[in-house]
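Single chain ahead, written as structure tokens, the form predicted alone.
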């Protein structure tokens, strides 16, 4: 199957033009939830909101509409792509399978209800939504055993935390191997940076909570180029604020403020990664990186909309919401 890069890039450009700009988020932050629902239903989310409005209202309607729209967007990307671009998108979608599996197993382990667990599922990925729902109705051991028998997760790992680590590690190993096989150097560079960002967020989160450094090392995926054995040795002797300043030196153009709460820092780190992905994709318009650039922007749009509606529901200050937007 040959790549249809020129055709795909034209379709992607049209889809990307519909992504909300920063000004739109600023307008939404001044709206009430019904106004936000009406606003998004007049655009690219019209079909999703209309279909779900019979069964859901308020924030639930927005949440489910966002999830449905994201699932349809990925399905469209699969349908309009071929060759290496299709291989990349298919592999990228596996991260959603992993996140859904984690949500289900965590929920079952904590004995949450099937309905509560189902609310955390984002119906994006290769695994069918009906199958994921069936797992929510099992107990933890039965669901884990079913996933192992179907070879969806590695077998023989008892602790859930270690299983989650293996899912993430295997995903990144497979993704980097695919990028190398495609011969897309820019994609490989981006994925290695993504691993570093993944590790940085874990490092800062655990540092901030006072975790022993051996725990931090156990959770690091040793594939990146910046969070390495050498840099970890330096992080080990630093306190939390020193670690943030050192991260700013390790990552070009990262400007984290040690005084900000970790939730805002993590959003700013995600923003940094998206900007990096966009820079790389602009230099490679007719390749897998065109897909990457759009996917990152679409994911950030969904995250931003969800952040705004949840923030307004919780009564967060607009300044706090704005700091966490990924734009």
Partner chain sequence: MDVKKKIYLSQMGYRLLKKKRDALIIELLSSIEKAKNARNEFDSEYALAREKIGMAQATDGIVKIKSAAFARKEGPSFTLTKANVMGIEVPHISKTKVQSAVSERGYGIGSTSSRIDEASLCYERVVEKIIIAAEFETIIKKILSEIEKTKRRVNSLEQKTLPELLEAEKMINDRLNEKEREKNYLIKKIKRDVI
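Numbering follows the first chain given and starts at 1. Superpose the two forms; the largest set of C-alphas matching within 1.5 Å is the rigid core. For clarity, every value in this text was computed on a predicted model and none was experimentally measured.
Although it is not shown, the form predicted together with its partner chain is what the next lines describe.
J.: Taking the shortest heavy atom distance, is residue 31 within 4.5 Å of its partner chain in the predicted bound form?
T.: No.
J.: Does any part of residue 16 reach within 4.5 Å of its partner chain in the predicted bound form? Heavy atoms only, please.
T.: Outside the cut-off, so no.
J.: So in the predicted bound form, is its partner chain close enough to residue 174 to count as touching (4.5 Å, heavy atoms)?
T.: No.
J.: Quick one: is residue 116 in contact with its partner chain in the predicted bound form, heavy atoms, 4.5 Å cut-off?
T.: Residue 116: contacts its partner chain in the predicted bound form.
J.: Among 200 to 208, 176 to 184, 146 to 154, 69 to 77, which stretch has residues with heavy atoms no more than 4.5 Å from its partner chain in the predicted bound form?
T.: It is 200 to 208 that comes within 4.5 Å of the partner.
J.: Identify, from the list 193, 243, 231, 103, the residue with a heavy atom within 4.5 Å of its partner chain in the predicted bound form.
T.: Looking at 193, 243, 231, 103 one by one, just 103 meets the 4.5 Å heavy-atom criterion.
J.: Among the candidate residues 188, 219, 91, 84, which is the single one with a non-hydrogen atom no more than 4.5 Å from its partner chain in the predicted bound form?
T.: Result of the distance check: 219.
J.: Going by its partner chain in the predicted bound form, which residues of 310 to 327 come within 4.5 Å of it through any heavy atom?
T.: Result: 310, 311, 314, 316, 324.
J.: Using the rigid core as the reference frame, would you say residue 39 shifts its C-alpha by 2 Å or more between the shown form and the other one?
T.: After core superposition, the C-alpha of residue 39 moves less than 2 Å between the shown form and the other one.
J.: How about residue 58 - superposed on the rigid core, does its CA move between the shown form and the other one by 2 Å or more?
T.: No, the C-alpha position differs by under 2 Å between the shown form and the other one.
J.: Establish whether a shift of 2 Å or more occurs at the C-alpha of residue 203 between the shown form and the other one, with the two forms superposed on the rigid core.
T.: The answer is no; the displacement is under 2 Å.
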